[in-house]
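In the block that follows, a single chain appears as structure tokens, in the form predicted alone.
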């Protein structure tokens, strides 16, 4: 009969109580992950405490696929810091280095200009039309640490969604057919 036949027989033999137990277990796992994410948001002060580097614009400091850990504090942003920012109208955050900080004497607010280490020009061309500086609300966080290459899993699943669906299907099948 083979592996597929055994899997089908296993699914047919599932009792309602076992199915409910597996559904509750899966729900607890998902809930735990969300609680951990929210706790990380509170501790780090940023809406996204972990981001994946998606391009080579920050090489050699960070490679495509590195995971960055972010933190946001009220401390002033300084030249040389690596920040992650979001531009109005764009969904994907950008990881670049601060190359210039401009403090407005009248209000004390700080404007920031960024650039990727591997780019020839600053980021003014990436900002919204007419925008010359980033403001505090654009900055999601500062890079405080990284894990090399671990983010490739995310990149591969984003670029090749079939792999994501196969993995989700395999995990779902594993949960359904497990005998605990």
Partner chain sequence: MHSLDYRANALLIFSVTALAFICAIPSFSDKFSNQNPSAEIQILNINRFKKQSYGNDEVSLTLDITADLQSLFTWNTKQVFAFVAAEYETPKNSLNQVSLWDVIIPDKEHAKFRIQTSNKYRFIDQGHNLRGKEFNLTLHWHVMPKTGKMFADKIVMPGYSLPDAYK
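Since the model is a prediction, treat every value here as computed from it, not as a measurement. Positions refer to the first chain, counted from 1.
One more form of this protein should be noted, the form predicted in complex with the partner chain, which is absent from this view; the next part is about it.
Trainee: Here the chain is shown alone; which of 35, 42, 29, 147 has a heavy atom within 4.5 Å of the partner chain in the predicted bound form?
Mentor: When the partner chain is considered in the predicted bound form, the option within 4.5 Å is 147.
Trainee: Taking the shortest heavy atom distance, is residue 60 within 4.5 Å of the partner chain in the predicted bound form?
Mentor: Because a heavy atom of residue 60 falls inside 4.5 Å of the partner chain in the predicted bound form, the answer is yes.
Trainee: Should residue 90 be classed as touching the partner chain in the predicted bound form when contacts are defined as heavy atoms within 4.5 Å?
Mentor: So residue 90 does not count as contacting the partner chain.
Trainee: Quick one: is residue 115 in contact with the partner chain in the predicted bound form, heavy atoms, 4.5 Å cut-off?
Mentor: Residue 115 belongs to the contact set for the partner chain.
Trainee: Since only the chain is shown here, I'm wondering whether residue 101 would be in contact with the partner chain in the predicted bound form (any heavy atom pair within 4.5 Å).
Mentor: Taking the distances in the predicted bound form, the answer for residue 101 is yes, it comes within 4.5 Å of the partner chain.
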